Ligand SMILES: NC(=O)c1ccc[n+]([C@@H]2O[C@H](COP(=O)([O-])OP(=O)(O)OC[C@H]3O[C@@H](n4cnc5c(N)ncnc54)[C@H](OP(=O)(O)O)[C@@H]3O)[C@@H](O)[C@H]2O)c1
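Next up: a single chain in structure tokens, the form predicted alone.
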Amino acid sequence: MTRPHVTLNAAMTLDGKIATVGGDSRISCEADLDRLHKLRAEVDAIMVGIGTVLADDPSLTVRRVRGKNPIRVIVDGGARTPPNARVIDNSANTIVAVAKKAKREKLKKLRNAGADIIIGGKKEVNLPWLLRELHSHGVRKLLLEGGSTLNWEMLKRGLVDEVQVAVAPRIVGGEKAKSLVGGAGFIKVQQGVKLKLSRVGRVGVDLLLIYQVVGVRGAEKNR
């Protein structure tokens, strides 16, 4: 394998929402937050999309358990990451992956703020290339923390190996509330990502489901 082992982790409500219509994504119980930070401490890098950065302004560090902060990777084709975002500080290295369309002045501001910039893809970041690039720099385990658009792009290309979901005992509804996976979606159920359940457990008041990804029809080969 010439890319990292990728684990998609998320907390969602029983009706599959990872945020409310108002943008509230505080879904995990305290025990699940501990689990998340333990996962972070066990990987080499965390990856999120620009939508997550703009909506939540996360720091993506290990704070609730002992462990080293992993590299933080932001998939941001247009270099929209604010230079003062919490994810860009001296607590860990931050990589902003952009496409060739990104404006030079934005890249300069991000570099000045302390971020490392890598460029791959014309209009959007080439995700298979990005994972290979991260692997070449020593990233063997990668934690994918969303959001829904990046989850879709990674899953449909067959770039996810494991899915861990904590299901909170809440129903929030909302047609426009973001679900675990967004994007265009598959037309037929049989085209969907096939999973194999490997573990069921409880974490605090939440239900923990862990799946191994079996395969995706038509997914790009991971070379």
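One-based numbering along the sequence shown. Note that the structure is a prediction, hence the values are computed from the model and not measured.
From this point on, the text means the form predicted together with the ligand, which you will not see here.
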* Asked: A10, T52 and G77: each with a heavy atom within 4.5 Å of the ligand in the predicted complex?
  -> yes
* Indicate whether A41 is a 4.5 Å heavy atom neighbour of the ligand in the predicted complex. => no
* Can D34 be called a contact residue for the ligand in the predicted complex at 4.5 Å between heavy atoms? -> no
* **Heavy atom of T94 within 4.5 Å of the ligand in the predicted complex** => no
* To do: Tell me, yes or no, whether L127 is in contact with the ligand in the predicted complex, where a contact means a heavy atom of each within 4.5 Å.
  => yes
* Only one of V172, V65, V193, I27 comes within 4.5 Å of the ligand in the predicted complex by heavy atoms, so just point that one out. => I27
* To do: Consider the chain as shown here, without its partner, and state which of R86, R111, K101, H137 has a heavy atom within 4.5 Å of the ligand in the predicted complex.
  => K101
* Asked: Who in 125-162 is close to the ligand in the predicted complex, meaning a heavy atom within 4.5 Å?
  -> V125, L127, E145, G146, G147, S148, T149, L150, E153
